[in-house]
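This document starts with one chain, in the form predicted on its own, laid out as structure tokens.
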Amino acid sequence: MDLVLVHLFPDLLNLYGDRGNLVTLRERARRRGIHVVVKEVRLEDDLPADGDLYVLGGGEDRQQALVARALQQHAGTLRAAVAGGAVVLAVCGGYQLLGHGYRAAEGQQLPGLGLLDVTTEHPGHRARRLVGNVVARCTLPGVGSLVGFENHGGRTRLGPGVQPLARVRVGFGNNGHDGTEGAWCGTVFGTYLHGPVLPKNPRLADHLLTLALRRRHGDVRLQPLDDRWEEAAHLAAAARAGLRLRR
């Protein structure tokens, strides 16, 4: 089997090791004998239309402003890919730009792609940042708990067109009020979890890989991997946040 991974703006959106999400997807696929092609997209590049899974990380407001303009130029290609079954994973700043838009702390309005029915607003520099370890219960079947680290000023509100990716047990999540973390709709997923998120959440990584492979290869069932170290990292992250979990 073949798999095309597209890494969007890795030089600008790589807070807290978000590149590790791409590495995790690539290696979990290769360990199963899947041929992986990785395509990196920078500001001056065209967006490949043949991606099976598109990955965006997080960035500060300055980087987000640059990326927001570039994403608008690629909007048609990315929307068509999603309509054809491609998967998107976006973290923090990337997640905010998948929504309808992001209003930065200084009041600048950054346009979003509208792939997720969410809106984000930064209440200003005097407002408390939402920072710390997170443990949440994922809404996707078979994934269980999610762990990670959040650090964001933006408050994201979910519209009726999406589901929360998880329900927070420890941490702030999307806005610190409604108990939700991240969002998903169809094959598009957004989250505030850094760390990066996928190495310590192998079940989420495999969920994304399965969806991406089905775009090209039909009803795919992934072979189990020996995840003893990944699961140990998951439990250790939860314990650091104050919860003892069983997996």
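These numbers were taken from a predicted model, which means no experiment stands behind them. Note that residue numbering follows the sequence shown and begins at 1.
Form predicted in complex with a small molecule: not shown, discussed below.
Engineer: Since exactly one of Ala136, Leu98, Ala81, Cys92 fits, which has a heavy atom within 4.5 Å of the small molecule in the predicted complex?
Structural biologist: Looking at the other structure, the residue within range turns out to be Cys92.
Engineer: Looking at Thr77, Gln108, Asn151, Gln163 here, can you tell me which has any non-hydrogen atom within 4.5 angstroms of the small molecule in the predicted complex?
Structural biologist: Going through each option in turn, the one that passes is Asn151.
Engineer: To test your reading of this chain, name the stretch in 175-183, 41-49, 199-207, 59-67 whose heavy atoms come within 4.5 Å of the small molecule in the predicted complex.
Structural biologist: Answer to the contact question: 59-67.
Engineer: Does Leu15 make contact with the small molecule in the predicted complex, using a 4.5 Å heavy atom cut-off?
Structural biologist: Looking in the predicted complex, residue contacts with the small molecule include Leu15, since a heavy atom lies within 4.5 Å.
Engineer: Should His122 be counted as a contact of the small molecule in the predicted complex, where contact means heavy atoms within 4.5 Å?
Structural biologist: Answer yes; at least one heavy atom of His122 falls within 4.5 Å of the small molecule in the predicted complex.
Engineer: Does any part of Arg26 reach within 4.5 Å of the small molecule in the predicted complex? Heavy atoms only, please.
Structural biologist: No.
Engineer: Taking 4.5 angstroms as the cut-off for heavy atoms, does His194 touch the small molecule in the predicted complex?
Structural biologist: Contact with the small molecule, yes.
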